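One chain comes next, on its own, written out as structure tokens in the form predicted alone.
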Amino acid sequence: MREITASGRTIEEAKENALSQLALDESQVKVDVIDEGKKGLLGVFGSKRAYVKVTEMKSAVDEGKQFLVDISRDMNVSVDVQVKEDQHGVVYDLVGEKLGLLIGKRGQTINALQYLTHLVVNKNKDEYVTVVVDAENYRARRKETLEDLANKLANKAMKLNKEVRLEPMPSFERKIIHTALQDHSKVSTYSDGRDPNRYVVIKPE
């Protein structure tokens, strides 16, 4: 986080000088007036320059990154957090050793980290930002596992001719199951229960 003190004939000029040096706009900084300055006689004699302190504010995405670095350190895991932003949201990819501790059994820990990071990034925001936290390509591997599971349990539902209930999952994992079977001609899916124990049911048609 950068900070600079700048001066000018007026507060506005001092602020513009600081923003120019930081290459930022006013929405990205916090401005503190140190000295309002003084015009002086005829605008020259006895004049005193205005001084401001301008501090760069962290973006919501940067705050999410710092949160993940801090909480990983608290778990005795050192990580490098790589950030990818696009129109769909932001992906935080954790790189380092001992990442199994951050993933947890069946992804429970990384899902919790993703939820908490989502709260940090979307705090006081008008527009919702989708947040994904990944490590060691876990999300892609988990998606493949869930799609395989969906097809196996669809076959089971058809064979037994009765509904098959999956274990509770977070909403983004339930969506993978629904999507995997949405074009299936012989089964349909729906969610039941309440979070955090909401689950998918596969129903034979």
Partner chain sequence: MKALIETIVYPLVDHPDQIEVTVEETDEKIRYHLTVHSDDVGKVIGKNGRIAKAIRTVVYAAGSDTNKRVYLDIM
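What you see is a predicted model; the values in this text were computed from it and never measured. Positions refer to the first chain, counted from 1.
The same protein also has a form predicted in complex with the partner chain, omitted here; what follows describes it.
Query raised in the report: Is A135 close enough to touch the partner chain in the predicted bound form, meaning at least one heavy atom pair within 4.5 Å?
Result: Contact with the partner chain, no.
Query raised in the report: Would Q108 count as touching the partner chain in the predicted bound form under a 4.5 Å heavy atom rule?
Result: It does: once the partner chain is placed as it appears in the predicted bound form, Q108 has a heavy atom within 4.5 Å of it.
Query raised in the report: Does any heavy atom of P196 come within 4.5 Å of a heavy atom of the partner chain in the predicted bound form?
Result: Residue-level check for P196: yes, a contact with the partner chain.
Query raised in the report: Heavy atom to heavy atom, is V83 within 4.5 Å of the partner chain in the predicted bound form?
Result: No, V83 is distant from the partner.
Query - Within 4.5 Å of the partner chain in the predicted bound form, all of L146, A180 and V200 (non-hydrogen atom) - result: Zero of three within 4.5 Å in the predicted bound form.
Requested in this report: Could you tell me which of 47-55, 62-70, 138-146, 29-37 sits within 4.5 Å of the partner chain in the predicted bound form, going by non-hydrogen atoms?
Outcome: Partner-contacting stretch among the options: 62-70.
**Report entry** the partner chain in the predicted bound form - contacting residues of 99-126, heavy atom within 4.5 Å
**Finding:** If the 4.5 Å heavy-atom criterion is applied to the partner chain in the predicted bound form, 99-126 yields L101, Q108, T109, A112, L113, Y115, L116, L119, V120, K123.
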